[in-house]
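We begin with a single chain expressed as structure tokens, specifically the form predicted on its own.
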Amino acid sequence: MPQLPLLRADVSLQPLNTFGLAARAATFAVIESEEELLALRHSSHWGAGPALVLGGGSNLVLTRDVAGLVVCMANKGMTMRKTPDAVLVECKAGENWNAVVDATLKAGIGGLENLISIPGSVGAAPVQNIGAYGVELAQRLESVTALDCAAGSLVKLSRDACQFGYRDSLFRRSPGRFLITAVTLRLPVPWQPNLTYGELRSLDASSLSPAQVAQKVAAMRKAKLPDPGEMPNAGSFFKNPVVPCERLDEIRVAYPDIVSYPAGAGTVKLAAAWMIEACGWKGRALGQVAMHERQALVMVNRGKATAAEVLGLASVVEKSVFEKFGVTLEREPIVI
């Protein structure tokens, strides 16, 4: 019979979330294999299922102690397999996302270079459909292996079955239904760089390697985004709102410099950071939290921030943007 994972009581979650917010788990389990997860699922300790599944804790705002079971995915392993038109990379959920990107680059395999330096775990990546610099995970994903929490068995979900959207997925819309244990990525062969975003447009595609694109992306991120290890944060706090093109035309009457990007099907994506900065919130603080001085989309913990301060600043920023532009901001982190 598979062995249960070690279960611990009253565990601090403060070092396990990149925002550094204080919270405690009533029951905490570190999962190092799918067998351990299945054993836990079929034990009395499972109860109603996990109240929280932790990966790298980088897209999370903890507002309270967690009364139920907290599961931390720590299963490791990665394999690469070549096919005629792609390299398939299977990664266990507990792998560090950036370590996987580095491993593919060291192997000379392109496809993930635009997604370098994103904090978090592999298992968390599909939940948010992580994206950066013109590439989303959905474009590189082959399938997801997950525990069907209701059925108590492992299932494999295709990319289409994951129902990906902008910073969205089946997993985010149906919390508690699936628990991701592994991800398979499809990296196309031959490799073609995606240089559609910002400063990447200035690069010469004919003489680039995946590692060179990654180096440029990493430098761009470092120049404007705070390292959670040095300044606690949960990454981008708001999504870039998607609005009809007609709404953009209306806003441009008063604000002709507003930054936007095509989003398809008669819509555009507005730059939330631009609007937040236009409202005067870039670098501005309330208590122990602030919108970062170099990137207005990122909220940072300047010391011993409380959840009330985080939610309070989020609310006033949202109100400011709505009053100025008539646009509703949507929060990106998962709030517990």
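Just count from 1 along the sequence shown to find any residue number. Quick caveat: nothing in here was measured; it's all calculated off a predicted structure.
FYI, the form predicted together with a small molecule isn't displayed, but the following is about it.
Query raised in the report: Would Ser143, Phe164 and Pro175 all count as contacting the small molecule in the predicted bound form, using a 4.5 Å heavy atom cut-off?
Result: No, because Ser143, Phe164 and Pro175 lack any heavy atom that approaches the small molecule to within 4.5 Å in the predicted bound form.
Query raised in the report: Within a 4.5 Å heavy atom cut-off, is Val259 in contact with the small molecule in the predicted bound form?
Result: Residue-level check for Val259: yes, a contact with the small molecule.
Query raised in the report: Contact between Phe28 and the small molecule in the predicted bound form at 4.5 Å, heavy atoms?
Result: Judged by the heavy-atom cut-off of 4.5 Å, Phe28 is well away from the small molecule in the predicted bound form.
Report task. Verify the contact flag for Val213: yes if a non-hydrogen atom of it lies within 4.5 Å of a non-hydrogen atom of the small molecule in the predicted bound form, no if not. Result -> Flag for Val213 set to no.
Query raised in the report: Does any heavy atom of Val289 come within 4.5 Å of a heavy atom of the small molecule in the predicted bound form?
Result: Although the small molecule is absent here, Val289 would stay clear of it in the predicted bound form, with no heavy atoms inside 4.5 Å.
Query raised in the report: Of 154 to 162, 219 to 227, 89 to 97, 183 to 191, which is the one stretch near the small molecule in the predicted bound form, taking non-hydrogen atoms within 4.5 angstroms as near?
Result: Stretch with heavy atoms near the partner: 219 to 227.
**Report entry** Proximity to the small molecule in the predicted bound form, single hit among Ala273, Ala51, Leu37, Val268 (heavy atom within 4.5 Å)
**Finding:** Of the candidates Ala273, Ala51, Leu37, Val268, Ala273 is the one lying within 4.5 Å of the small molecule in the predicted bound form.
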